[in-house]
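Below you will find one chain, with nothing else, as structure tokens; this is the form predicted on its own, and questions on how it binds or moves follow later.
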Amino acid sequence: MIHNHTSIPALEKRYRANLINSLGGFKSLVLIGTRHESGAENLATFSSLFHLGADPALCGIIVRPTQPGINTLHNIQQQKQYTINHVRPAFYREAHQCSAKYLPGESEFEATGLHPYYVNSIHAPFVEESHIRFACETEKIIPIELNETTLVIGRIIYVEVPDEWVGADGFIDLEKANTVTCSGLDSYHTTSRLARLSYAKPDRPVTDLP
């Protein structure tokens, strides 16, 4: 199969969406929890989370075009806080269901049977079933006119990870944590590590880390 700049736009819409979405390989799978100013809770499936830097601790998400009203982007814009929750095999089907287009104000927590969990200093809901979860405060929101998506940059302000999955050097063992990843629009995966390698330098070979 070979496509170019003229044949890609001509592909059937759903085929093109599956092809381009899976082309980039495996992606992070997370549930983003937000809360409307009225108190209504929202939970959305995202596969666009990416690392921006550790000092300061920043991450980004891409929000697809949405209609005005109660949704993840609106809640982030208004409330300035949101939670990011890893998905485990025990509830990946419920996480997938959170991508459905529920009515404004309808809670995905209630619709899927997942449970909100609150920390005193964070007003957005975490997912109780998630074992790795963190919260962000909005730093910058950048509209992307090219395809009407939105880049949200957040500062990480709170982290919860079970001690047994965090190494002495701060490395989180996502395989032990059983974190689920995804590819394309609807394919979910667990992982198998090949190796963890030493910091690469031009004057020494890489070695396996424990």
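For every residue, the number given is its place in the sequence shown, counted from 1. The structure presented is a predicted model; accordingly, all values stated were derived computationally and were not measured.
The following text describes the form predicted together with a further copy of the same chain, which does not appear among the structures shown.
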Contact of residue 39 with a further copy of the same chain in the predicted complex (heavy atom, 4.5 Å): no
Residue 96: touches a further copy of the same chain in the predicted complex, heavy atom cutoff 4.5 angstroms: yes
Residue contact check: residue 73 to a further copy of the same chain in the predicted complex, 4.5 Å heavy atom: no
Partner contact for residue 89 in the predicted complex: a further copy of the same chain, 4.5 angstroms, heavy atom: yes
Stretch 186-201 - residues with a heavy atom within 4.5 Å of a further copy of the same chain in the predicted complex: 186, 187, 188, 189, 190, 191, 192, 193, 194, 195, 196, 197, 198, 199, 200, 201
